[in-house]
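Let's start with one chain on its own, the form predicted alone, as structure tokens.
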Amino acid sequence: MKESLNLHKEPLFDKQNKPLIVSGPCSAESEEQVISTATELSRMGVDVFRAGIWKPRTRPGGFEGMGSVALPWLRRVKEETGMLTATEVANVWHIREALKYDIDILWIGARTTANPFAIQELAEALRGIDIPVFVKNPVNPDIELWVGALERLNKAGISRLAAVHRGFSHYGESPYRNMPQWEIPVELKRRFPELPVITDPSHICGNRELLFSVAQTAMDLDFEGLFIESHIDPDSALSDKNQQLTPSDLKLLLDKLVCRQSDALETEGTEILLELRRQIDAWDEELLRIMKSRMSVSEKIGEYKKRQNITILQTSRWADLLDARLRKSRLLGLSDSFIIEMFRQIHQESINLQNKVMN
């Protein structure tokens, strides 16, 4: 069954005039800081000014935002610069306060998205209110939770929706604060092509030095915008100072971005691309035929193991197989991560087929 969302007939923003830029400080810390940052960003043509009013911190004791006292500062930004304003909401009271001060866009954070009970409460509080809502991906890499949050809001009548890709939690060493796992937002776009997807390089990177690379990748994947933090004086910020840019540095980043055409078939020389795609299609068909033959052999192995009363999994054989495939793939210039993931999937399907034969 084809999935769909009942989105507003008028697009949330002009997809032809990309990227949408949502920028502002991680936290609204003072009126002077908010207005100074907003003034600089408005001169650059930033579309939406964002600022955290209530800040969910991982552990208590950190700066948790100024709360409702900061909402008049965002109203002043709107009045003086003409920019739309956006802030995060995590409970019904936050929604009521934000609406009281004419906030234009609400966003739902990653921790909240992961909780269907919380999302349902927010959806009910927003029922009958025509306001855009941006939904960040859940902290864990679970696309169904992300889709579920969007669906709950949509069923409550929210038709101006966008998804914000801010990366996913992980354990172990990584250059990123949150792993981008691009395949997840790409799959979301495949399921819901009319849903705008905006990438948040700030929370993916946690480090301003990496922001451009992530932002450019988002543009190359034809995402619709960037949700990126900017502070008039990042080094003195009360939260997440390492991932924020000054407005002038943000301008340098945006000026470097290359925004490519989304439909190459409208450009010259399209026959070249069409021929290359035909080659890809042919190779994919061959891969499927090969995979069918491989899985047929796996079934025969399962039948043999059943007759000989042998367990499905032999750990040493699997380890040797993967090592051999990696050695060969390196000679062919293929990446380890791709080969490991591919053969893990193939191996798991072989186990599934053998289990079916033996049971």
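Quick note: we count residues from 1 along the sequence shown, nothing fancier. All values reported here derive from a predicted model rather than from experimental measurement.
Beyond the structure shown, there is the form predicted in complex with phosphoenolpyruvate, which is absent from this document and is the topic of what follows.
> Heavy atoms within 4.5 Å of phosphoenolpyruvate in the predicted bound form: which stretch in 249-257, 227-235, 115-123, 146-154 meets that?
So the stretch in question is 227-235.
> Please tell me which of Leu211, Ile95, Met83, Ala110 lies within 4.5 Å of phosphoenolpyruvate in the predicted bound form, judged by heavy atoms.
So the residue touching phosphoenolpyruvate in the predicted bound form, by this definition, is Ala110.
> Considering non-hydrogen atoms and a 4.5 Å limit, does phosphoenolpyruvate approach Pro56 in the predicted bound form?
Pro56 belongs to the contact set for phosphoenolpyruvate.
> Consider Cys26 of the chain shown here, and say whether it contacts phosphoenolpyruvate in the predicted bound form, taking contact as heavy atoms within 4.5 Å.
Output for Cys26 is yes: heavy atoms within 4.5 Å of phosphoenolpyruvate.
> Quick one: name the residues from 131-151 with any non-hydrogen atom within 4.5 angstroms of phosphoenolpyruvate in the predicted bound form.
Only Lys136 sits within 4.5 Å of the partner.
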